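Shown below, as structure tokens, is a lone chain in the form predicted on its own; questions about how it binds or moves come after it.
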């Protein structure tokens, strides 16, 4: 049985076989969740790209199912969040169980004003389908299915790809190459780059089952579940009455034996009960891996998503981290391609996203160590924490069943400017989704809806008229009272803005700088760090 009909996208024969295709500005290798997000973001910024994918359909299996609020905000800007929200299962709450009882519940929705929940659960194949359908509407995106990259070379001016198709091979030169081709990245292999980090020995079994089950959509994590023998287990509801079950199997297992249907079925029945009807839709076995390559930029080649880093799935930091990679890189690359910024700007992608990946890897490693203790002492500590968490709130902060994905706060970014306002939301922080009234854009009901296409200066109260910036990078000035209103004062409070205060926001909806009363020279100096011009 299958609840999903896999699409088959049309293959188009190359214009040239056995020869060199016209040079492309940007080539993205990999038409998955991250590669397609990157392509859409570039297209919205007026940058054409070619997307090469070796297959002609979406991902096999549900894979990355937990899509975080930050990913939904990014996809909303790209015009693709609505069908995901309509199809996905909304959840904000998680429950933690120990043996035969529930210890506590927690809520991930920190912003009651947000237009999006903390997470939706939706199978990756749906996410990719909606991204493809949106990409097919963009004239600047050249999607090429069944075009497999078999080899490549690169230098300081670009890259050259050897591409194989059903009708023969061709060479595709480009100015910029984005490697979004996953954990088994051909580009990474061709360049001789390797991961560093940890590979954990514990094995986990994923089983997607179709069953009818009532109850709220919550994240259920079980330590030492009473049905055993698993040391931990996880349950999530997805679209189409599909449920994701994760089982911790242990270190020394026979992978082939564990994947036999009769053994998978036995585990499922112990978890959901012997009388609950279900059908198995997908199964997979995996180990935790928390690793990264050393650098994400190599001259004209840039790595995003699983091609750059791997984290364990508990915490939903892999796919969501990759979407944030694309969100960070696209605006910078678009400015470089159109000549508004020096290529050195792309070094900030490497710095910012390696910082974020290190944070994700640290959280994932700590979760793995807690979920799968390696020593008797670690196990005693974990069990003591779980016993205390039943009655004591302080102990619940020590329980780690996977610190769930949150937006990266780029506090050490080389692009961060002055912070004269010293508000809670300062340079490097993502813009909060606070409500706005009377916005200049009728469709924008939250602050994040007003920003994200280019640089924006939010101005509060009276301002000098002359805030023009004579440079390569334009800035849109949005004045409180003229372009939006903040009747509750929550937006001003978030930034610490007083009368005359202003906040410079980057195209990826992160704060860059703040001033009590900015001048044109202040703005020019801040933007010079982006463009490479002299201030």
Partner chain sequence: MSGLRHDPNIADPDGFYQELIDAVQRLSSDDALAFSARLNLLLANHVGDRTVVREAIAAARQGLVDQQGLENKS
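What we label the rigid core is the largest C-alpha set whose atoms superpose within 1.5 Å from one form to the other. Numbering follows the first chain given and starts at 1. What you see is a predicted model, and the numbers here were worked out from it, not measured in a lab.
Below, we refer to the form predicted together with its partner chain, which is not included among the displayed structures.
Shown alone here, residue 260 lies farther than 4.5 Å from its partner chain in the predicted complex, counting heavy atoms only. Proximity of residue 195 to its partner chain in the predicted complex: non-hydrogen atoms within 4.5 Å are absent; the residue sits far from the partner. Contact between residue 105 and its partner chain in the predicted complex is not found at the 4.5 Å heavy atom cutoff. Although the partner is absent here, residue 373 sits close enough that one of its heavy atoms falls within 4.5 Å of its partner chain in the predicted complex. For a residue to qualify, one of its non-hydrogen atoms must sit within 4.5 Å of its partner chain in the predicted complex; none of 345, 351 and 355 qualifies.
A heavy atom within 4.5 Å of its partner chain in the predicted complex is found for exactly one of 217, 183, 388, 211: 388. The single contact residue among 398, 272, 191, 418, judged by any heavy atom lying within 4.5 Å of its partner chain in the predicted complex, is 398.
Of the candidate stretches 399-407, 133-141, 301-309, 374-382, only 374-382 has residues with heavy atoms within 4.5 Å of its partner chain in the predicted complex. After superposition on the rigid core, the Cα atom of residue 107 is displaced by less than 2 Å between the shown form and the other one. Residue 184 is not among the residues whose C-alpha shifts by 2 Å or more between the shown form and the other one once the rigid core is aligned; its shift stays under 2 Å. With a cut-off of 2 Å and the rigid core superposed, residue 376 has a Cα displacement that reaches or exceeds the cut-off between the shown form and the other one.
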